[in-house]
Ligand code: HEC
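Okay, so here's just one chain, in structure tokens, the form predicted alone.
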Amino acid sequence: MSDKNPFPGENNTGHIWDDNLRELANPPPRWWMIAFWASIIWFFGYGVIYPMYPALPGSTGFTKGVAGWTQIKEYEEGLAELQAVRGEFEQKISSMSAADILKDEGLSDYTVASAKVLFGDNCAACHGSGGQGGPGYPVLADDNWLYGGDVNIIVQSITSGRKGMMPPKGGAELSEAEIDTLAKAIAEGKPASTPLFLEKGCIGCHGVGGKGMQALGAVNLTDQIMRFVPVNGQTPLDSIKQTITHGVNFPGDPKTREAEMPEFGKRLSADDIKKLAVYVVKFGGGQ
């Protein structure tokens, strides 16, 4: 191609396309070459100062930069700074009850901020990220509490867990018609309006008026708030009937309601549990 170069003396390579499109052999601009060599020098210089090559083996371990910097070291320094800031608050939490923490506005704000991850890791799967509750799990953002919404009781619930039991009333104890009558009275928020409530011993756990007993974890049957929301096409009345018929956590009945909160006292520290209790109260329920 160079023998037939139509642009002699132009310093091109002889590669020509479409009659006039050609490749020149001119050197790069001086500024570009300066930047090119400077980047190479910077690359090796940076590798001397900082550990750019931690994978290279050495006689005493991996290669290190003369500045002594590592990502782990920077992380540990940042963590130490964070712990120094948090230390004062953490000491107060250790020496105070959950109720006292709630009374201290600044400390309770810190507790809520530091408990967000704790709640997400341990509680949100069942109770929702905002305490709204999932299907079959209690809402934590209202005032409807099985065992009471006082922050110290919440601490007990988190620490030891909860597993109440309601015996099934179906079969020999209540006929289908009686279950239907009792379920309708409960759905209307008037459980004591039917003699069955007294005759079948419901008052033993739910009280004479049906408002429940928090010491036993027995629900309030007068507020029309359902502990077990309807699922799989059930109506609210169907859901109530299932609970009456098969009970809650009753062994041997495959259709019984399963409702158990695991204990976290062996998994979390006492301080973490206090933080979670304060966090739950700050949803707006309890107390």
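Keep in mind that this is a model prediction, so the values were computed, not measured. Just count from 1 along the sequence shown to find any residue number.
Separately, the form predicted in complex with the named molecule exists; it is not shown, and the next lines address it.
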**the named molecule contact in the predicted bound form: W145, any heavy atom under 4.5 Å** = yes
**Asked** Would K92 show up as a contact with the named molecule in the predicted bound form if we use heavy atoms at 4.5 Å?
**Response** no
**Request:** Give a yes/no on whether V231 approaches the named molecule to within 4.5 Å in the predicted bound form, heavy atoms considered.
**Result:** no
**Request:** May I ask you to check whether L107 falls inside a 4.5 Å heavy atom distance of the named molecule in the predicted bound form?
**Result:** no
**Prompt:** Out of L102, A192, A115, C205, which one falls within 4.5 Å of the named molecule in the predicted bound form, going by heavy atoms?
**Reply:** C205
**Complete:** Heavy atom within 4.5 Å of the named molecule in the predicted bound form, from candidates K184, K163, K211, R86, belongs to K163
**Request:** Sort through 65-73, 237-245, 24-32, 40-48 and report the only stretch with a non-hydrogen atom within 4.5 Å of the named molecule in the predicted bound form.
**Result:** 237-245
**Message:** For a quick check, can you give me the residues of 109-140 that have a heavy atom within 4.5 Å of the named molecule in the predicted bound form?
**Reply:** F119, N122, C123, C126, H127, G136, Y137, P138, L140
